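Listed next as structure tokens is one chain, alone, in the form predicted alone.
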Amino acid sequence: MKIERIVLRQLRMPLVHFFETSFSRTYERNIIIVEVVSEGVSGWGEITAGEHPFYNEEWTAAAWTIAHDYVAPRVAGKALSSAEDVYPLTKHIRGHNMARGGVEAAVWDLQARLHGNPLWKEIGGGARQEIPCGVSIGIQNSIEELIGKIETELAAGYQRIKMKMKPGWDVDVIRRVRERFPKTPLMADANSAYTLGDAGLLKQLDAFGLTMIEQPLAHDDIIDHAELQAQLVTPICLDECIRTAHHAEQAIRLKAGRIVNIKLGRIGGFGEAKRLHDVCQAAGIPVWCGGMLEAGIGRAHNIALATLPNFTMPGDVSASKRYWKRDIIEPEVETTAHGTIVVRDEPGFGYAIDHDFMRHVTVREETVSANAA
């Protein structure tokens, strides 16, 4: 397939409810959508960077520049034998996995459509036809508000609750939640808010039977996580610090965690995500699919990813309506009464684009053509 042009669109979409982590509170998303075109067929991807460089070094404005000036020109005009070819074409760009991965994901979607396959089949998935779903609930204004939100999500059928935590919103909050929900699978996500000096505080969480504590220490650390994991009964799940399959190999050797969260953007696309998946599977380390407040395209890509066999734990892939009054795909992503998403068999990522609404929320659009590249 020869990539004739790549279209970048920046969308501005307000969230139904603010989402707060240990580092910021988000009210609206500025999302970059990637369209790649070949033989009159379009493939679609999503660059999952946040609005600020707080989760990692990427953010929307910088991701636009990297995608437009560096990634797209290295892909537009190229005749690719496979979507796997995109990763090596952009590998010498240091970091910026989300910008690179959004373009690569769009090429995978294009390839699936040209072959008439659903995306999950194209990437080698299909281990399950329903994806078990959990939810991620941000820091709230009060514990009572948090408990109310958990009750709502459990009533909707979600199978696991993830709570964001930070210093001052941790042990007492989780104790109250566990008392109210003694049998619910619970996990806590710190987004790198603690240091090894907080090991004593984090050990208190062992009393609450959490499924995992996600990324408690620095975003780029593996060694301190290994020391902390040796002190905890609760499994540590590694997120921000795992950006390549090789990072996972290092973490496994050091016993830095017992679970890995795979986020498509953080890893740089489907190719490296599959390699990371295989490394963890060979080592007996379960993985699950994390979310980045994606719109429908990124959400659908996560569904495809989660059909790979080692995604054995409920991920953060939930219904569109939890985040958006209106999504950019038709139909919107929905969950069943028992907290799953049914995998679709349509070609590509499985949903139609709501072009009218996408145009309505687009604030910027630029095209990189084969000639320009």
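Note that the structure is predicted; figures quoted are calculated from it, not measured. A residue's number is simply how far along the shown sequence it sits, counting from 1.
One more form of this protein, predicted together with a small molecule, exists but is not displayed; see below.
> To test your reading of this chain, name the stretch in 185-193, 72-80, 112-120, 220-228 whose heavy atoms come within 4.5 Å of the small molecule in the predicted complex.
Of the options given, it is 185-193.
> In the predicted complex, does E214 come within 4.5 Å of the small molecule, counting heavy atoms only?
Looking in the predicted complex, residue contacts with the small molecule include E214, since a heavy atom lies within 4.5 Å.
> Report whether the minimum heavy atom distance between K263 and the small molecule in the predicted complex is within 4.5 Å.
Although the small molecule is absent here, K263 would touch it in the predicted complex, with heavy atoms inside 4.5 Å.
> Might D327 be said to contact the small molecule in the predicted complex, defining contact as any heavy atom within 4.5 Å?
Taking the distances in the predicted complex, the answer for D327 is no, it never comes within 4.5 Å of the small molecule.
> Answer with yes or no whether G271 is in contact with the small molecule in the predicted complex, where contact means some heavy atom within 4.5 Å.
The answer is no: G271 has no heavy atom within 4.5 Å of the small molecule.
> Using heavy atoms and a 4.5 Å cut-off, decide whether Y55, S136 and K164 all contact the small molecule in the predicted complex.
Judged in the predicted complex, Y55, S136 and K164 all sit within 4.5 Å of the small molecule.
> So which of V279, M292, I303, I267 gets a non-hydrogen atom within 4.5 Å of the small molecule in the predicted complex?
Checked against the cut-off, the match is M292.
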